[in-house]
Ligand SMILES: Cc1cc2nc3c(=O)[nH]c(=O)nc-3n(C[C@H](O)[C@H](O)[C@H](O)COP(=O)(O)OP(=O)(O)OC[C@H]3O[C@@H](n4cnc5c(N)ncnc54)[C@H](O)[C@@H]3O)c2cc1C
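Here you get one chain, nothing else, as structure tokens; it is the form predicted on its own.
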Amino acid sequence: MKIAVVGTGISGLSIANMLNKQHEVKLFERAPKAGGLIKCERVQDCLFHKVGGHVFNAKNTEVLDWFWSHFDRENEFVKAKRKAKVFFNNAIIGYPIENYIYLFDKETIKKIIPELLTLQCQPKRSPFEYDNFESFLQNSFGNTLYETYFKPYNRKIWQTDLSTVAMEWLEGKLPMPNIQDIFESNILREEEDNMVHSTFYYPKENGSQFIVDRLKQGLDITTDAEVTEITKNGEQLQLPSGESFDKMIYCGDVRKLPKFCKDILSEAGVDVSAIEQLRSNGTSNLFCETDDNDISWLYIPQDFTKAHRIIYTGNFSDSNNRGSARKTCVVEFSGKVDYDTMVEEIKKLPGNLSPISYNYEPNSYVIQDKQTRKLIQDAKAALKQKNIYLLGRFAEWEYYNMDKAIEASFNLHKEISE
């Protein structure tokens, strides 16, 4: 078959590689450069992850085997232990924060302990029995920990009422809290090693851009080519380039589907206006030099600053700091924050931060409500009937990490190959 893939993030590149051996695949990218959210650039010979700090690991052996078939794990990657911390009350403490309650002030500890004991005596509930994200957090950690950490931190990121956020997005992304483990961690004071991606792999050179550059080899990619219009050419789909395809895989923003696709959805009874109103957050990222440290991620819950985390990408590989005598990091803010404001905000943070560059990404985090998954499922079913498939974080409206994006590509590859 002749297949068009719209979008060249990790999802588009993965599915194209999977299909390319048996089919004629052509990719279209609206930006000047392939890579989507995981692309990087060198600034003063230091590596800037322009949106987040992307690393790789997976629990799915099929994903692992496929990924390492494209890379030399021993010679091209470093294996690192995730060392996350929290900047809280002007001190750097361990993560997850509930394992470090003993570092809180005495009065707060006296509130947290009886709440946890009460929760421990209640019947166990599946996370997906809770009506929303706020209810889950309150009933998993108690109101004091919720108000002290979970509420301010998550509101910083999502910039929305947590009671409107569905629980499904959490599946497979975070370990479920266990009250006994919380007490044991605070008494034994051992490092947490069960977190998602507690260890990860990272390219020795050029970070996730190295992954993009390898996966795009041998693929037919047209950049600066936004697909805004589709027409029917017999049984095939015709794109603005004039080329016709048997199938199309759309990895772009589902809210911006071409009119042809939206007409299909309308005819199938799918609420197009609800899709167009799906919520997302962008991120503003300030690339900085920082003092030496051994941290991977530093989470910042309190409202003394607009920043919500620092990603110490300079600790992932020494080559990321090649143009500086210091380490480098990315300070991340939710939403659009102007450069001058970010420069003022980093003065409140540890590490004697000094700005190098900055980037604003209009869409980086997707936000689901209770109707989102059903809405997208209906859209996927309707489009599939016309040989159009949705894939990726913004097409499927799922908060995919790299491994989950590859896993979704596997599932679609099987579906198309049946």
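Owing to the predicted nature of the structure, the values given are computational and were not obtained by experimental measurement. Sequential numbering from 1, following the sequence displayed.
Unshown form predicted in complex with the named molecule; subsequent notes refer to it.
*Asks:* Quick one: from F28, Y389, F67, F48, grab the residue that has a heavy atom within 4.5 Å of the named molecule in the model of the complex.
*Replies:* Checked against the cut-off, the match is F28.
*Asks:* Given that the named molecule is not shown alongside this chain, does E332 nevertheless sit within 4.5 Å of it in the model of the complex, heavy atom to heavy atom?
*Replies:* Answer yes; at least one heavy atom of E332 falls within 4.5 Å of the named molecule in the model of the complex.
*Asks:* Decide whether F260 counts as a contact residue for the named molecule in the model of the complex under a heavy atom distance cut-off of 4.5 Å.
*Replies:* Yes, F260 is a contact residue.
*Asks:* Can you work out whether N20 and the named molecule are in contact in the model of the complex, taking contact to mean some heavy atom pair no more than 4.5 Å apart?
*Replies:* Taking the distances in the model of the complex, the answer for N20 is no, it never comes within 4.5 Å of the named molecule.
*Asks:* Contact with the named molecule in the model of the complex for E226, defined as at least one heavy atom pair within 4.5 Å: yes or no?
*Replies:* Close contact exists here: in the model of the complex, E226 approaches the named molecule to within 4.5 Å, heavy atoms only.
*Asks:* Work out which of the listed stretches, 345-353, 363-371, 377-385, 59-67, brings a heavy atom within 4.5 angstroms of the named molecule in the model of the complex.
*Replies:* One stretch meets the cut-off, namely 363-371.
*Asks:* Using a 4.5 Å heavy atom cutoff, which residues in 53-74 contact the named molecule in the model of the complex? It's fine if the answer is none.
*Replies:* Contacts from 53-74: G53, H54, V55.
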